[in-house]
Structures are given as structure tokens and as C-alpha cells.
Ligand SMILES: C[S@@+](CC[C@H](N)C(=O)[O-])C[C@H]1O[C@@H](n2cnc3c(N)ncnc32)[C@H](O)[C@@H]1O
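Okay, so here's just one chain, in C-alpha cells, the form predicted alone.
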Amino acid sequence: MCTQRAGATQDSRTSLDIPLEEIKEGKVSILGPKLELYSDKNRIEPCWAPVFYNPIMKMDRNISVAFLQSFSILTNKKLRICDALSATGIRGLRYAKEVENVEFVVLNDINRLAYDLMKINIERNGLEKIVTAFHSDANILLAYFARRGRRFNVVDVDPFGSPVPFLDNAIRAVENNGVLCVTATDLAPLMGVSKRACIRKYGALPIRSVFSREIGLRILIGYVVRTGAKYGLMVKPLLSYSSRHYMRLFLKVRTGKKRADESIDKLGYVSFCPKCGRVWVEKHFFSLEKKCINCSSKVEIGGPVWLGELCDKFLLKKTVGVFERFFGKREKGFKILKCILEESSMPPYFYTTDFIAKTYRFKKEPILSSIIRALEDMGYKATRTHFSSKGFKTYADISTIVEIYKSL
């Protein structure tokens, strides 16, 4: 394998010949790029730095720590973790320092500066015994570990942009009943801004609508499900969400062709009428309606997408409790996890208060809580959604929602 492992190095700010500063996050302290040097009009651009570090992703790293802690407790497994695209190493180092029962962590980056910085940060945190740094192409590293007896029970792929180039090797490097963690930041294709790019990368049609973010997340899950099925692997979401500029998945991987077929059976299509707002789900492409039965307008079709649940409720409840214990209720991640738990078992789409008001020309936009309360009074389950501050999920049809708007 064409890789280089970390050796002893001196903790020196000048050894890398780039401006560095101390960064404290969670229980670790690392050296990272001086981000104020890489800003434009008071906006920091982490991708301009010679080694990538994004402070905005701290919330996601907090959630990831809480999730892996919960996974370790519930499965009683010693975790063998691969952070395939590590940059400063902050994510993998936090796993090693904050998650209990970690056997070892592999950090990796093809960037030589990142590799040198990872070695420094491993030593700074006294983690030499359980953390090893590699200087390799991520696909080469993952392919090497994709053999029985070498596989990890947690593989984390957190790229800049699309995870597609890494997913085949990443999913093969996960052992049976292990977890694949995936981040995507290419929201333009997934949310329908660049439709052709979504077709090219993910083999799916996106929808440009108020619920584009959820469709994009479900397209991403669907792509990983199809990738796993090629290798006779079942893929099932344990936790998935979207926030700000990214989408994040935690997926269970199990061997078995029948299980893989069961995952494929949970793929389908979502149709949306931009004129009247009607949304409906179809399992098979050949049964899709091209025109809305309400208003005869041309509809938009998204898919194939994952139509199943976005989380495992039992594991998510445990993660919520761990997050509260580790980071407190005031952290934004706690609110997101609670909202995801609330909206589980709801439809694979949502409405927003402003979309209904605009589409049906209501003069006033009702308060979200009043809409949810009115739907519940009529016997429909309704919840908020973490995808939008104005969004709500319900199985009630569009005509029922419009009648509620009229009454409010």
C-alpha cells in the first residue's frame, strides 16, 4: 500500500512554515490554520487555507461524537475508526479523546501539510497509542482496508464537495453491522440548482421546491443504498440530517443480498405540483403521473430517493441523551436532534407556511404552531421539521391544509 505512517515529530509552530494558531474544541487542542488570513469581506473561507479547518462544523462534530458514543454503548463494541479525509485531524482526534471504548483511530490525508499537522496534533493530545496518521489517497487507503479481517466498524468520509468518488471503497471498508458516516457539501446538485450535475453524479432527478433540502438528503441516501447493493450490502439510515451548507448521514451496513434487496425496495419517487402544491409518492417510475390530478399542471419528479425513515428512533433517543450530557441543551445540535426525533415516521416531504400563503394568495401567513395545532385538532399528525424554520410535516392533503389557512 502506497502510504506513509506518522513518525515522531517536534511540536513546533514553524515546522510547517505556515501561520498556525491554537484551536480548542471539545476535549482536544490542536494547531490549525490562522483563519483570519483567509477571509473576504469579513467572511472566512476555510477552503482557501493550506490545510482545511471549518469552525462552523463544530456542531456536526459534536453530534458525531454523541452518536458514536451511543453506538458504542448500545452495541458494546470497541470502535475501530477511519477518518479518511482528516485535514487537521480534528474530527478523528475528538473521537479518540471523547468517545469511550475506542480501540484505535486512523487519520489520513493526501495533503502533505495536513499529514505533518496531524502528526503534531496527535502528539499534542497524547494520543500516539491509539491514533495513527497516514499520508495516502483516501481510495487507496480504504481499498487496502476493505479486506476481511482489516475492516473498520466506523468509516467517516467528510470531503469538500461530493462524497461520490469515495463511496465504493468506503462502504467496502466497513465491517458487517458497522457504520458509514458521510458528509456532502455539494448542495447545488442535490437541491436542484444544478439538475444535470445531480443526474451525472447521483443518477437521480432533484426537485427545485421548498422541500428541496429533504429531497436532496434522500437522493444522497438512495445513492449510498444503491452503491451498497452492488456489493450485496444493506444500507439503512441510523441518523441523517441537513444543516446550513451540508448534509450528513450515519448509515448501518449489513451483509446479505436479501437485505440489500429490502433496502432497494425502499427507494421510490416524489412528485410535486408547483402550481397547487400537491405532493405525492410513487414506488415505481412507470406509474408516475405527468400531470396533477388537482389542476392538470405539469409536475416535477424527484428520484430515485430513499422513502424510508431518516433515523433509528431507539439509537436517536440514546444520542439525544448523550448529547445533553456531553454538551448541554443549549447547543444547537440538541435542538436539531430533538426535532429529527419528533418528525420521524412522517412523509418524505414538507410544506412551509410562506409557500402555502403565496401559492393561494393569502394576505397573512399563519404562525407555524397554529397550523400544527389546527391539523392535530382535525385528527392529523403534524410536526415541525429541522429542514426549515417555517416547515411542517403532515399526511393531510393540500386541500385540507388550504381549508385550515382559510379558518385561520
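Each residue number is its position in the shown sequence, starting from 1. As the structure is a prediction and not an experimental result, all values here were calculated from the model.
Note that the form predicted in complex with the ligand isn't included here; everything after this is about it.
- At a distance threshold of 4.5 angstroms between non-hydrogen atoms, F166 is in contact with the ligand in the predicted complex.
- The ligand in the predicted complex comes within 4.5 Å of no heavy atom belonging to S242.
- D109 belongs to the set of residues with a heavy atom inside 4.5 Å of the ligand in the predicted complex.
- Proximity of F285 to the ligand in the predicted complex: non-hydrogen atoms within 4.5 Å are absent; the residue sits far from the partner.
- For a residue to qualify, one of its non-hydrogen atoms must sit within 4.5 Å of the ligand in the predicted complex; all three of R61, L85 and D158 qualify.
- Checked against the ligand in the predicted complex, the candidates S271, S162, N153, S136 yield a single residue with a heavy atom inside 4.5 Å, and that residue is S136.
- Site annotation in the predicted complex: the residue of V174, L251, I90, I122 reaching within 4.5 Å of the ligand with a heavy atom is I90.
- The chain is drawn here without the ligand; in the predicted complex, the stretch among 287-295, 191-199, 101-109, 212-220 whose residues come within 4.5 Å of it by any heavy atom is 101-109.
- Shown here without the ligand, the chain has no residue in 219-248 lying with a heavy atom within 4.5 Å of that partner in the predicted complex.
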